[in-house]
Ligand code: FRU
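Single chain ahead, written as structure tokens, the form predicted on its own.
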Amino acid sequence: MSKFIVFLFIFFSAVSAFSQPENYSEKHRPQLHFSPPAHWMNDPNGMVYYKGEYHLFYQYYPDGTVWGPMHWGHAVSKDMLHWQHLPIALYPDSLGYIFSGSVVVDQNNSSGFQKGAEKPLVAMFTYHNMDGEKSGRTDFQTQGIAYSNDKGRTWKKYTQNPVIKNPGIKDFRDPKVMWHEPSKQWIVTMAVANHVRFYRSKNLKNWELAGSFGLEDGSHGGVWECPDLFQLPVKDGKSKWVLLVSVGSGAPNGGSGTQYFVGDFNGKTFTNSNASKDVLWLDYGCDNYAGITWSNAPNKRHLFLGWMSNWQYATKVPTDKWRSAMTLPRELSLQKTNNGYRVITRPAKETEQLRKTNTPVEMVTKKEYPYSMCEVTADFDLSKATTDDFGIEISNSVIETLHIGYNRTKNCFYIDRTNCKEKSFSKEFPAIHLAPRMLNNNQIKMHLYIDKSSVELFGDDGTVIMTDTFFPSEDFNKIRTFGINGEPPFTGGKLFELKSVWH
């Protein structure tokens, strides 16, 4: 095939993917969250901040609404909320599909890729050779790199790819690169079947194995994927390392989910500060998977974004033009508790821009409020409870409901999405999801972001997180507090109506 024909193929693929009118008004279309203009999307990739722009790359199939040959879609934002869609960044080639990975800013040009004034952005990704997989080989996943000299607008693949070859392991993927200052080297954390491995390099091109972690630690309900390793400060003036690992199945409420570990990293391997069998979950909902943090984020912030779906039903959800969305941006911190260090997750401060006004509606009990998309805070006092089950209900005119609640008997938050009519696409979808409460006091706090087809719960000041999607037959448009067989011990709350990021 001539170079000209290849160019035409790439050009028209990009046009077909991004020339549709960006209506963003279809049924169930998220209004607060990132979703592609059309077609299939899954894992966030290559998240990096450079010169005022947050880059979001993502697993993308431009020719259908189910998983297919993976590309890297691309969008940029000034605030992680309002996005500009850009052409596809990376296409499959003779080495394979372009699976998940990461991007770093090579500040000191250790790679030698810099050609002008701009620092090179260097991407590392997994090549997935489908022919190799079909033939029964085990080394069909390798790691390649690409670089950009124009702030991420165009990318050139390294001519000597792959830079990390496969030692004969079927699942060998999802490289997350970081600069490790104490050892003055690049570290890449990779998912390798049922554990992670760490490789090191001085130039992002030549890598050697440094160490491994996880064969006996955490959840092994499914294959390990999409790791992320970073350091977080704690209030005692120290810092600890946090390792995120997504698990393909076996999450606490079924399907895929993300666990994390807290410990120490010495440039070679990770040491878990908790018991090896302790499993800590970043999010107890069913729809936050494969999330990672932005590299090079300003002011040393640790900003997180996840894929808002679940492999149990991701290819079946009732959306026609596009499939799936990302979570809202979240900021991670670390807190020392009686049970050890725990990751605290809160909405990124930028989400306050979504409020239509700075004056919230002061909510009271025994009243129903209209809403389209909203942010809600609700406080409850267990010492005043006449019911053991209470929370926030959203509903519509055909009496479909979604409950975001707390159950005192089980001492857990929960989301009940069983009463939405569009649920027959998956037997796993209609369920009540539970999240154990971490705190011990009488003050129950809920902080919610509710979009057209999703809810994100930040419970008890970010100590308990739940993310769930839902698909009512018509939009939910009413909200109230509820109590089962009693009045909710509601002590106050606020409601902000939110603006669409697309209109």
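One rule holds for the numbers: they count along the sequence shown, beginning at 1. Please read all numbers here as calculations on a predicted model, not as lab measurements.
One more form of this protein, predicted together with this ligand, exists but is not displayed; see below.
Within 4.5 Å of this ligand in the model of the complex, counting heavy atoms only, one of 166 to 174, 110 to 118, 412 to 420, 318 to 326 shows up; tell me which.
-> Partner-contacting stretch among the options: 166 to 174.
Name the residue from 465, 444, 70, 448 that puts a heavy atom within 4.5 Å of this ligand in the model of the complex.
-> Among 465, 444, 70, 448, a heavy atom within 4.5 Å of this ligand in the model of the complex occurs only for 70.
Position in contact with this ligand when the complex is considered in the model of the complex, options 251, 226, 124, 89, heavy atoms within 4.5 Å = In short, 226.
Should residue 35 be counted as a contact of this ligand in the model of the complex, where contact means heavy atoms within 4.5 Å?
-> Residue-level check for residue 35: no, no contact with this ligand.
Contact label in the model of the complex: residue 99 to this ligand, heavy atom within 4.5 Å | Close contact exists here: in the model of the complex, residue 99 approaches this ligand to within 4.5 Å, heavy atoms only.
Do residue 311 and this ligand come within 4.5 Å of each other in the model of the complex, heavy atoms counted?
-> Output for residue 311 is yes: heavy atoms within 4.5 Å of this ligand.
Would you please decide whether residue 289 lies within 4.5 angstroms of this ligand in the model of the complex, comparing each non-hydrogen atom pair?
-> Close contact exists here: in the model of the complex, residue 289 approaches this ligand to within 4.5 Å, heavy atoms only.
Taking this ligand in the model of the complex, which residues along 438 to 452 bring a heavy atom to within 4.5 Å of it?
-> Contacting residues: none.
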